[in-house]
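Next comes just one chain, in structure tokens: the form predicted alone.
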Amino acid sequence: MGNGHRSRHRGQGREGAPSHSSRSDSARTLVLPGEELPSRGLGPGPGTYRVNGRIYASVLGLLQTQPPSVRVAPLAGRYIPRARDTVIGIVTDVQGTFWLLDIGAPRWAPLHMTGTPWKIDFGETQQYLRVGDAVVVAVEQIENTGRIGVTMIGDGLGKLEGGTLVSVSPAKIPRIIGKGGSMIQMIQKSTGCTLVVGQNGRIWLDGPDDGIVEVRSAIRLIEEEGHRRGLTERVQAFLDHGSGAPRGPKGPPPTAPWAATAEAPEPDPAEGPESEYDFPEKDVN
């Protein structure tokens, strides 16, 4: 392993250019694994590692300078849960006092009935959530055993009714959200759809059929061109002239699940395929 690390510790970047050369826009600079990064006294952040006082990229991604650290946002990767993440989970099992959720992480996340806004007696869990239901929850903690604690108590959290769920790489979520939620606000306003974005790479859509088609296409555009400059302008141009179909009413204002800035998790090369789910309307008894 040591030889592998040394083989990537180059004093120069791509094509022989010094890796400490001036970068006018680090947020849009694509770096390769093993490339030395211009730290300028900053410490190593996610997507990087330090050897002999120098910082290198550990993944293929976009260079980001965010004092007190320099980091690399990967272009692809599976979801690794972190405390305070807001995620979309799918119920996979129902027990007397809790539900097991698939949040796209290496382990299931149990949601206890005390972590919901409902007053539930033992054995009544099936009346509130069933296998296949989708919920918005927050990650409370990651225990030493790997157990993932989640809660449905909080603003913007709860059961999702109807709609369609689309999955993308979690590494793309920050670009889909946009700074302060700007990208999602633009998409909602232009398409008349409601979007809930989880930091685990799941996006729930609801609205007029033509609007959902446009949202899906806009998401694919962001996935493919998120590393290039002028992304917001290209997405806006697509939404203004893409389909030409009449749109439904304007979507509601943005809500908490994606309002906070999302950070890309560490990547996993075993990334699964994109998937979609359609959820029927259900009543909560």
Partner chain sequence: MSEEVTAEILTTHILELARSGRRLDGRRPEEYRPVSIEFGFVTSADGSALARIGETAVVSGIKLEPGKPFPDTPNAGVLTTNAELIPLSSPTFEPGPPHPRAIEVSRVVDRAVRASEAVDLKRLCIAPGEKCWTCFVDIHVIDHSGNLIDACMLAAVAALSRTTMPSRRFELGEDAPLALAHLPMETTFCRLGNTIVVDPTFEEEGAAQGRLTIATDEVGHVVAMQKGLVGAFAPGEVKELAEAAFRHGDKLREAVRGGTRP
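From a predicted model like this one, the values you see are computed outputs, not experimental measurements. Numbering follows the first chain given and starts at 1.
Not on display, but discussed next: the form predicted together with the partner chain.
Candidate site formed by Leu75, Ala171 and Arg234: none of these residues places a non-hydrogen atom within 4.5 angstroms of the partner chain in the predicted complex.
A single residue from the set Lys189, Arg82, His112, Arg107 has any heavy atom within 4.5 angstroms of the partner chain in the predicted complex; that residue is Arg107. Thr92 is the sole member of Thr97, Ser182, Thr92, Gln126 with a non-hydrogen atom lying within 4.5 angstroms of the partner chain in the predicted complex. Among residues of the shown chain, Leu157 is not one whose heavy atoms approach the partner chain to within 4.5 Å in the predicted complex.
When the partner chain is considered in the predicted complex, Asp209 lines it closely, a heavy atom lying within 4.5 Å.
The partner chain in the predicted complex comes within 4.5 Å of a heavy atom belonging to Val131. Taking the partner from elsewhere, Pro117 is found to have every heavy atom lying beyond 4.5 Å of the partner chain in the predicted complex. Per the 4.5 Å heavy atom criterion, the partner chain in the predicted complex is contacted by stretch 211 to 219, the sole one of 138 to 146, 67 to 75, 118 to 126, 211 to 219. Residues are counted as partner-facing when one of their heavy atoms sits within 4.5 Å of the partner chain in the predicted complex; in 192 to 206 only Trp204 qualifies.
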